[in-house]
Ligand SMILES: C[S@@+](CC[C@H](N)C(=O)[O-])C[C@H]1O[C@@H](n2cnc3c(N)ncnc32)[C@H](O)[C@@H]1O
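So this first bit is one chain, no partners, the form predicted on its own, shown in structure tokens.
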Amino acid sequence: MSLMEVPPSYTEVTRHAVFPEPSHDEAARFNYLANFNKYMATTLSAGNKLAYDRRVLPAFVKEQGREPKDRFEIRHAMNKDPWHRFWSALKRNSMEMRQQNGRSMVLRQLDELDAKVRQFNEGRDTLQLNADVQVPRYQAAIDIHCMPGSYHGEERPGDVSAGANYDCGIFATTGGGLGALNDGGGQALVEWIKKERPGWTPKRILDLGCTIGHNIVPLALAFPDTEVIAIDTAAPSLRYGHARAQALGAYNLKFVQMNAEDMSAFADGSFDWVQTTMYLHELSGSALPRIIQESVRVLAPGGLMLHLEQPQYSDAMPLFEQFLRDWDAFNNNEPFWSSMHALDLKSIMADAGLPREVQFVTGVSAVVDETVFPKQSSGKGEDHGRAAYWNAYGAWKAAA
């Protein structure tokens, strides 16, 4: 790994007023993990293809008399290979180490964090929590990303531990690839829409599955006269995300506790832009089409629907690449990753009321401060599932 590829120091990450304060050792651990993840995604990951081409595929063909028919057969064969097992163990352990470091960092200062957050949350109508909203079972049944308690866990009623842990550790899992505020995806959306529709100012934007708002805050800041609403079912993430947004000056951004499967509180055609960022892969097979359908309902005529995700699997994507992208589904507590990326999103969107002729697919790369953070690329060394490059699946709803 060249010096230009080394992620910046954790202490260079821009702080905001509610960001957890790392000790020297905590910062050092995150620095190590950021560099380690970068190394695994580039140098070490290449060993998987070598193992497949030189050992696993020849052995499979010799035994079966044919090549693998799908990504699952490749996975079962690769799971017997010592190099892939070694790489997988390192990758899984790096995520567990990241969660352990972030969680211990947050819990030792939870009193101070809760107090900081309250200063930005109390008495403001831009945070609307609803205790009647239940976390769906498909979210509650597993610790997503190996994060203890997932997005919704609380150490005590009303805390922000889940949101703070999520915020402080993304730097490590992405190798600094999302920039100083871990908002490279949101910044990319701002850059994309400015080029796609110069001068367009949506009246209302809706962000689904916002967690702590990394990707919606840049849009709120870019469109200060726009009403922006971000929804999620996880109260701890919303508490932290709202305080973070207020600290960053996104005063036109409202955080609402709501399940996107039922957005009956919003009228038909009431938003000019409805979006998700790396959210669809965390939905069950039954929830996803319902959420798409609800999203189309609340989208105004002439409005934009946009979903940032990793590329969908297709016949054009080699089976080995599909297998490697599937790693998170079986090793990183992402139970719907594999099935979601095999869905025909275009058909689901068409069935919900957005015909194929109004749909589009485009690529979006993280936009970061390149004087501090290395430029992100869709080329060699992509860490499938966590690289700072996405496909955007979208549509412009027909005007009335």
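Note that the structure is predicted; figures quoted are calculated from it, not measured. The first residue of the shown sequence is 1; numbering continues from there.
Keep in mind that the form predicted together with the ligand is not shown, yet the notes after this line are about it.
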query	finding
Residues Pro136, Gln139 and Thr277 all lining the ligand in the predicted bound form, heavy atom within 4.5 Å	yes
is_contact(Glu282, the ligand) in the predicted bound form, heavy atom dist at most 4.5 Å	yes
Contact test in the predicted bound form: Gln310 vs the ligand, heavy atoms, 4.5 Å	no
Partner proximity in the predicted bound form: Gly209 to the ligand, non-hydrogen atom cutoff 4.5 Å	yes
Contact of Leu324 with the ligand in the predicted bound form (heavy atom, 4.5 Å)	no
Interface residue in the predicted bound form among Thr174, Thr233, Gln99, Gln187, criterion: non-hydrogen atom within 4.5 angstroms of the ligand	Thr233
Heavy atom within 4.5 Å of the ligand in the predicted bound form - the one residue of Ala329, Ile74, Met258, Val298 that qualifies	Met258
Contact stretch among 314-322, 118-126, 209-217, 80-88 - heavy atom within 4.5 Å of the ligand in the predicted bound form	209-217
